[in-house]
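There is one chain below, alone, in structure tokens, taken in the form predicted on its own.
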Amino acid sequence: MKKNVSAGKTREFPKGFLWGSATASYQVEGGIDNTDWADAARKKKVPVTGRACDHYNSFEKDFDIAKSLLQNAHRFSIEWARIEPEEGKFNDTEIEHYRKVIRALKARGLEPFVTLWHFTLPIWFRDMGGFENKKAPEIFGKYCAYVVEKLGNEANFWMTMNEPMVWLGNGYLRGGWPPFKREVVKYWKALKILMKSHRFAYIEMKKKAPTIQIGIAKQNMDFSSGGGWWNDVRMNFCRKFWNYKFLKGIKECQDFIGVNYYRHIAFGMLENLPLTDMGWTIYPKGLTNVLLELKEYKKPLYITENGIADESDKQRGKFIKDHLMAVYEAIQKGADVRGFFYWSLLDNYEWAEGFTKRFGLVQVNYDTMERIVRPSALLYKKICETNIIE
């Protein structure tokens, strides 16, 4: 591997590095009506999803696009409410649908990374209190184990959940997502139960398929301080709580760590940084910092999400290249990073923002369902092809 990081020189990633993009079921599939989010949309608390990208019916064509962009991996999620529409009653027709999804990926040379829960809850589980219910670990573990029993021989990489801290913060502190609460006590209760749910699911999944690799997709932020004791306190608290509370709570039950990186938060600093369409600062060096901080866990790292809302596509190409430079730097300094998944393959439903934000390598016309590959995707294609950044 070439290790010269001088300006203008090539940066070659490790052999076998995975290059991909990601999607999530509720955000792209369409036609999912039996979740807490769909119910909230009916009550006009969040935007309606409707057909979304119609990925449920168009996944093979979408994977053809990913293959044409020379990606060799893809992260997607299974919709819990499809698999278990009623408690304890599993829908094997939907299991077979996701078997086709996995096999379609593998047929195109794309390594599947499967997420079992990406924010949306079946209505029956919501009505039981969701992850506030003390029985949630057993219920969630049973669902995860059932899917793995049926599909565990189809894929090597599995994630129980996506961004638990984000889900908790938006649902229990800010109150903008289901369950629309602003209750600190219930936040802490749900946090503890979520950690227990992952641990329980991990154990049950391993019983069904001992050789699969299991982790979570964890959003970590880069926190910095402009100096002064109060800014230092805030930085250190946020780093320890937001970035590591959950990971330490499941440390004995993870084979790898999926890293989602979007945000850099500076306390007591005025920074003139460019912004995404989400209003988030663009700070690639933060990804290097986040990855190096995770070295202590001694686990393989996969960047399971990193992307930009950029409808004009004027910033996305540079964003991808600069963040991959940051990944390369982390690898050179000893971080065991083995793959990168851009968020997202397609424009999609961005939760409370609806369809107003455009993250996709591929533009989606939501009226006609036409897909148009953006110029930035071709820059990423070259990196996927060569395994090199120049």
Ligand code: BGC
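Numbering starts at 1 and runs along the sequence shown. Small disclaimer: the values here were computed from a predicted structure and weren't measured.
We do not show the form predicted in complex with ligand BGC, though everything after this point is about it.
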Q: Could you check which residue among 120, 197, 260, 71 gets a heavy atom within 4.5 Å of ligand BGC in the predicted bound form?
A: 260
Q: Just give me the single entry in 351, 26, 59, 328 that has a non-hydrogen atom within 4.5 angstroms of ligand BGC in the predicted bound form.
A: 351
Q. Is there a non-hydrogen atom of residue 37 within 4.5 angstroms of a non-hydrogen atom of ligand BGC in the predicted bound form?
A. no
Q.
Please determine whether residue 79 contacts ligand BGC in the predicted bound form, using a 4.5 Å cut-off between heavy atoms.
A. no
Q) Heavy atom to heavy atom, is residue 340 within 4.5 Å of ligand BGC in the predicted bound form? A) no
(Q) I'd like to know whether residue 280 contacts ligand BGC in the predicted bound form, with contact meaning heavy atoms within 4.5 angstroms. (A) yes
Q. Of these, 97 to 105, 141 to 149, 161 to 169, 225 to 233, which stretch puts a heavy atom within 4.5 angstroms of ligand BGC in the predicted bound form?
A. 161 to 169
Q) Can you name the residues of 304 to 337 that have a non-hydrogen atom within 4.5 angstroms of ligand BGC in the predicted bound form? A) 305
